[in-house]
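Have a look below at one chain only, the form predicted on its own, in structure tokens format.
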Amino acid sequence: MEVLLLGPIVIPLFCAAAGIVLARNRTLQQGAGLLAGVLAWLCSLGVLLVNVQGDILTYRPGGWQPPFGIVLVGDLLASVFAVMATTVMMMGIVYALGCKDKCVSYPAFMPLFLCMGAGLNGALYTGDIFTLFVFIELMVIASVVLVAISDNKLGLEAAIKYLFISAMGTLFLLIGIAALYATFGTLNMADIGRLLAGGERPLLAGAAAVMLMCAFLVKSAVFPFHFWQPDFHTTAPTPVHSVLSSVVVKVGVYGLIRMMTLMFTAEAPLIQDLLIVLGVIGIFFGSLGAFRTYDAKRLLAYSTFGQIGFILVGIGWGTAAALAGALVYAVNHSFIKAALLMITGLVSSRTPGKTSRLSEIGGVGQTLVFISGLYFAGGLALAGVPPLNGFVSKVALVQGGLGAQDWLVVGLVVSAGIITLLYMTRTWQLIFQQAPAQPITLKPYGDQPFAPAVLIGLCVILGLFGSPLLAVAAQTVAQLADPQLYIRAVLGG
């Protein structure tokens, strides 16, 4: 079963190469992309099913025994994030098949999209911290090019801006990796965790922890490293934006959890206190920014600030219930946000200028009754209204806060959920309910609604039947509580 770990990484890369060969035949190229998305999702789901039974899968390319060589590790944390990522990637590919954006028809689009997915999955499954850097850079480079070729005339500017900001995050990550290698002579995360578990803290270990934390905060666009995100995400093509704002930003969240539970466990309490502060700032900055923005896609990009803030607060509380709530929140938010972005792109594709500016798409959705229902359900889910999956996330997170007895922050979290409800219902009314300010001639055909409809259906199912996800999250936290399980699975003994 260990070979399943290769699937979400190798299959998209192979189909990306095949897509280059098939560049002259768009139908075959898109078919290869869809096949890669489905097979990657099935492989990640297979790894998760094995993990749920109590096993941790490892794959050693070339047969090198860790800590030498590269190792892929599929534990519950990596598998939960990978299933989340491959599900959204698969739906992103499905949406791209029916997307009317000109850039989606470019021969380079599908191979780049698959490379972004391969980098994302590789970053989640790798057990080697330098390979983590390589996969993150693959994901970043692919996403930068995808934004640069966007139909939006500001796409190139946003891509260049993000490239420079990402370089800062890359510098943080490389300095942290260099400090760890200079200190311990190994890049294997399990081996680093084993050496740090003894309690000894060499001089560069603390500096490495700071550098890695800053790198992961940049990747998740957490305050004060947030300013690149609205421009970069808003100008991206809709299939790309739906992946960037829902799962790509979660790589930083994954890195923080892995760092705190495997390597820097002694420093975890200090990091948690900082994450609570940054999370609360992000919650209100993102929510209030969404209120004041002028663009429907930009609104959802600001909203991502706030939603990542909720997750960071859960991680910061540090209790088993709070961490499980953060994991549930991360998974549910990915499906909700991807669906809302796809619906927004669908509505804007019906306008002559394919714009998502609120002043120009007001009333555009009046005749789109089915799409209106999908957006309304997604908005309620994002705000945490029952019986949708966002409500399960909020309840799980609040229960974790109550267990941590952090009453002030719990109150702030609940009040921020009300702000989310206000700006989502206001946007829904503006786009789908009120009459347009002037007559609008809509295009007869726009993007296809199948992918967002599937994601909203998943939100309903996870709201009505949330127990399996909660159980997997609790099992994941229990596994993270004993880092020796991961270390023994990778190093043996």
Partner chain sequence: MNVLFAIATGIMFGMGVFQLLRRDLIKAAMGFYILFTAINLLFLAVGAYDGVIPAYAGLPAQGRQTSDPLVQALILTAIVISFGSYALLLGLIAVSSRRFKTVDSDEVDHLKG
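Positions refer to the first chain, counted from 1. From a predicted model like this one, the values you see are computed outputs, not experimental measurements.
There is another form of this protein, the form predicted together with the partner chain, and it is not shown here; the text below is about that form.
A.B. asks: Identify whether the partner chain in the predicted bound form is within 4.5 Å of every residue in the set Glu360, Tyr375 and Phe450, based on non-hydrogen atoms.
C.D. replies: No, none of Glu360, Tyr375 and Phe450 comes within 4.5 Å of the partner chain in the predicted bound form.
A.B. asks: Find out whether any non-hydrogen atom of Lys354 is located within 4.5 angstroms of the partner chain in the predicted bound form, and reply yes or no.
C.D. replies: Heavy-atom contact with the partner chain at 4.5 Å: absent for Lys354.
A.B. asks: If you check in the predicted bound form, is Ile160 within 4.5 Å of the partner chain, heavy atoms only?
C.D. replies: Answer yes; at least one heavy atom of Ile160 falls within 4.5 Å of the partner chain in the predicted bound form.
A.B. asks: With the cut-off set at 4.5 Å between non-hydrogen atoms, does Phe291 touch the partner chain in the predicted bound form?
C.D. replies: Contact check for Phe291: no, nothing within 4.5 Å of the partner chain in the predicted bound form.
A.B. asks: Is there a heavy atom of Phe264 no more than 4.5 Å from a heavy atom of the partner chain in the predicted bound form?
C.D. replies: Although the partner chain is absent here, Phe264 would stay clear of it in the predicted bound form, with no heavy atoms inside 4.5 Å.
A.B. asks: Given that the partner is absent here, state which listed stretch (362-370, 132-140, 254-262, 116-124) has heavy atoms within 4.5 Å of the partner chain in the predicted bound form.
C.D. replies: Only one stretch qualifies here: 132-140.
A.B. asks: Which one, Thr170, Gln272, Ser349, Gln399, lies within 4.5 Å of the partner chain in the predicted bound form by heavy atoms?
C.D. replies: That would be Thr170.
A.B. asks: Lys394, His226, Arg298, Arg194: which sits within 4.5 Å of the partner chain in the predicted bound form by any heavy atom?
C.D. replies: Going through each option in turn, the one that passes is Arg298.
A.B. asks: Mind listing which residues of 167-192 have a heavy atom within 4.5 Å of the partner chain in the predicted bound form?
C.D. replies: Residues within 4.5 Å: Ala167, Met168, Thr170, Leu171, Leu174, Ile175, Ile177, Ala178, Tyr181, Ala182, Leu187.
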